[in-house]
Every structure is written in C-alpha cells, then in structure tokens.
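Shown below, as structure tokens, is a lone chain in the form predicted on its own; questions about how it binds or moves come after it.
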Amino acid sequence: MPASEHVQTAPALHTGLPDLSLGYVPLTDAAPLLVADAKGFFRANGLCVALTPAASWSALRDRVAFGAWDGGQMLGPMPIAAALGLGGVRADLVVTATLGRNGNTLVLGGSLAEAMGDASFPLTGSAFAAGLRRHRATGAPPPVLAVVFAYSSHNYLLRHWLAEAGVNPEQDVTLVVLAPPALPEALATGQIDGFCAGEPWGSRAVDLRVGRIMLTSGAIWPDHPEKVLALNADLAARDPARIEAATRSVIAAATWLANPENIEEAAHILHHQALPGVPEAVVAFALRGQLPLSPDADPTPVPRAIVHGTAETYPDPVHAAWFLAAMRRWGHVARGGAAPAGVWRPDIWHRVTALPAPFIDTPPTPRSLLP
C-alpha cells in the first residue's frame, strides 16, 4: 500500500499549542517538512506542527539538544555526532525517515574557477587536481572550500573525492564551515574560493554570477542519502504515536514530491515559506532535475539532482554505518570506538508504511564510506 494512503487519520482537537516543534535549514531538501505542513499532511495525521528555520546546522542542533525543539531536518551524520557528543553537544535522537537523496553541488568561483579552464561538467577529481596545480603555480595560497557542517555528507564526500584524486584535504585545500545561506555572498567577496552545499545555493551563486556549478554530490556517490528526519529519542519512547504521525506525514509529503506534476507547486511553497530571497525559478531548478551551469545558458538536465519518493525515505541502518566509517576515516570518531545504538529506527518506518524494506538500486558506496 502506498505510503500516501496512510495519511487519512482523524484530526485531533488542539488548544493552540503545537504538538511538535521542528526546525529546518532553508534548503531545497527541507521540502518534505514544508510540504507536509503546507499541503495538510501533518493536520491529516492529527498534528499541529510549528516549523521554524534555523540560521545554521549548529543552531538547529543546539535547539534540539537543549529542548527548544523536538527535532527536525538534519544532515545524515548529525544524529550520530550528537549521540557521541561531538562538537561539545550531546543529544539522543532517533532517525525515522530519510528526507531525500543527492541534492548538493560543488561550486567554484574567482581564480580557482578560472584555473579549471574548460573542464566540463561534472568535474572529475583529476581535472580538479590539474586546475589546482595551475592555481598553485600562480603563487596563490591553498584555496578555501566551505562545507556546511563538520559532520555532513558534504564534508565526507568532498574529502573522499579530493583524496581519490591525490589531493590532500588537510593540506592542499583549507576546509571551513559556513551556513548554507551565507555561501554565495562569501564566494562573491572572496572569503572562500568554493563551496559544497545543498540546493538552491549553488544555483543561486550562478544566478548572482559569482560561481560555477562544477559537480553534484550524486556524481561522487549516486543516490546517496542526504537529510533525515531526526526526533527526540525520549519523546519517541514516551509518545510513539506522535512520532509515528510525524513520520507518516513526511513520507506522504515525499511521495507527493515524487510526482512531476507537483514540482511547480513545491517550488512555490519553498520560495514563499523558506526561501523568499531566492527567485522561485532558481528554487525550482533541482526539483525539475536541472542545474544552471552558466547564467547565460539554458539549464543543464541533471535528472536526479535531488530525489524524493516513498522508497527513498527508508532510514537504512547501513547508511548510518557508512556515515560512521567516514567519520572514523577523517578522525572525527576514534577507530574501534563504540558505535551509537538505536539511532536509526527502520522499525518506525515499517509501522507507519506497512511496507517491507525497499530495494533501491544504489551503486556501490565510495570506499571511504564502507564500514
């Protein structure tokens, strides 16, 4: 039975206080949360949900960790990092759904983009390494590349891609962390030379004529897991019905997003609810399976720029193992240290969908992400 058929439950009576408070970072892959709210999926499942944007991933993490919010959209590795207390903040969370797959772009600007010459999209690691050598020959310091959070697929996939090309991510480039909405301006002012971030910020950089989209994260690991729905573990234990209702609503929204006929409405929702400073046409690019490689050219088809759907929401524990392996590789988690237990909860997904674990034909993961 399709997950969308599980949303027709009796609405609850409310006192005006939210049943759940959820946070998100303004990004295209916040769409399942925003659509669940705008299209009434939360209400259909008896929930009153307060959705609040966060300025950065660390701000979102802190508000959830300290009890201001019940959960929200998170980067895949974030719940693992929170369980281990990485970054000085500890929280017990459960992941009940994946919000989407792919969705990130590598954008280069200024002299670093020029050093890539006529390298074609998607940029290969070897072409980047050659451009980096040309950039270094001009006397320029190691380029500064921004990622959105230390414990993110952006950081780990970018590091893997660089290392596979013989570029040492600890020495040959300088990796820094900046909030996604700040990235186009940071590129325009020369604070950074490039960034890896979720859409629409890559498309926005092109729209502002400050950068070139050179690569998608899906070209590094096709159909990789990206954002997740992470919720307070204590709340999940005390009130499983509320957690299941939230999960069911988000899965229904992801199913709705998978219908191409809904893309324009989804872009409208995202623009007005989360991204008013980004033109609606720019918000729509990744949802349509397109990316603007140049502001003066037609967008390039990238059919799986971002992927939503019922099966794609399955919170596969194998993904948690892949994230943890990458965290160990890059020294964020001690090798041989105990892995957090019970963070990924496919049992909740199974209960709300009444579906078996889906088979998704995802190509093999990069070596760096294998447990």
Partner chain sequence: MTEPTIRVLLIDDNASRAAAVRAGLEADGCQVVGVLPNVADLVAQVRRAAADVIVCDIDNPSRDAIESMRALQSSEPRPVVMFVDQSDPAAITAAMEAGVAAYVIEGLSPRRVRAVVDVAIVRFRAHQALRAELAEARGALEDRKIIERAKGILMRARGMDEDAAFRTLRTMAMDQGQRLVEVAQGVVTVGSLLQTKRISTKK
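On a predicted model such as this, the values are computed, not experimentally measured, just so you know. Positions refer to the first chain, counted from 1.
This protein has a second form, the form predicted in complex with the partner chain, left out of what is shown; the following refers to that one.
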Practice prompt. With heavy atoms only and a cut-off of 4.5 Å, decide whether residue 148 touches the partner chain in the model of the complex.
Written response: yes
Discussion item. At 4.5 Å between heavy atoms, is residue 125 in contact with the partner chain in the model of the complex?
Written reply: no
Worksheet entry | Distance check, residue 114 to the partner chain in the model of the complex, heavy atom within 4.5 Å | no
Worksheet item: Closest heavy atom of residue 191 to the partner chain in the model of the complex, within 4.5 Å or not?
Response: yes
Discussion item. Between 237, 241, 89, 208, only one gets a heavy atom within 4.5 angstroms of the partner chain in the model of the complex; which residue is that?
Written reply: 89
Discussion item. Give me the residue from 59, 50, 318, 334 that has a heavy atom within 4.5 Å of the partner chain in the model of the complex.
Written reply: 59
Worksheet item: Within 4.5 Å of the partner chain in the model of the complex, do we find a heavy atom from each of 263, 290 and 359?
Response: no
Discussion item. For the interface check, one of 99 to 107, 155 to 163, 196 to 204, 213 to 221 should have non-hydrogen atoms within 4.5 Å of the partner chain in the model of the complex; which one?
Written reply: 155 to 163
